[in-house]
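Here's a solo chain for you in structure tokens, the form predicted on its own.
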């Protein structure tokens, strides 16, 4: 049997995620979440004191996975191999979460929460460093920013292909942007 409190918490996270997709984080209130679930706001407060705490619960699994990707990429030999591993990992994470990533990366409230959690900010900064490492200086930094934001935006669009095709094209475009060699996509 599942714990009713954990079930309610999971439902809160699921509904919040759906509403964040529809209305943005800033456009979603705790009242909207309680209305959607048919519960009182005080029931939400039992699990989450603020919308930011709820947002953190939504972000936690993504940041954990991103930390794993950063660790895997960091273990590669050489800056170019690290950048390529980070690119492939982030593209796969974005495709796997294609309805959520564009919402989260384009919302100022998410950026604020990421900056407020030092460990999370460090993961994102390390991701940027790994992607930028293939090219020295500002060129690498700009390329990394374009790749991160480009992938985040691109996965939210509707395409006529499969997720595997999308992933191939994201990696190919990312490699070109970062100055990495790789297979051409047909």
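Everything quoted here is computed from the prediction, not taken from an experiment. Numbering follows the first chain given and starts at 1.
This protein has a second form, the form predicted together with a further copy of the same chain, left out of what is shown; the following refers to that one.
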query: Would a further copy of the same chain be touched by all three of 31, 49 and 57 in the predicted complex, meaning a heavy atom each within 4.5 Å?
result: no
field: Sole residue of 43, 138, 119, 125 within 4.5 Å of a further copy of the same chain in the predicted complex, by heavy atom
entry: 138
- request: Indicate whether a further copy of the same chain has at least one heavy atom within 4.5 Å of a heavy atom of residue 27 in the predicted complex.
  value: yes
- request: Answer with yes or no whether residue 151 is in contact with a further copy of the same chain in the predicted complex, where contact means some heavy atom within 4.5 Å.
  value: yes
query: Hey, in the predicted complex, does residue 62 get a heavy atom within 4.5 angstroms of a further copy of the same chain?
result: no
- prompt: Is residue 75 a contact residue for a further copy of the same chain in the predicted complex, using a 4.5 Å heavy atom cut-off?
  reply: no
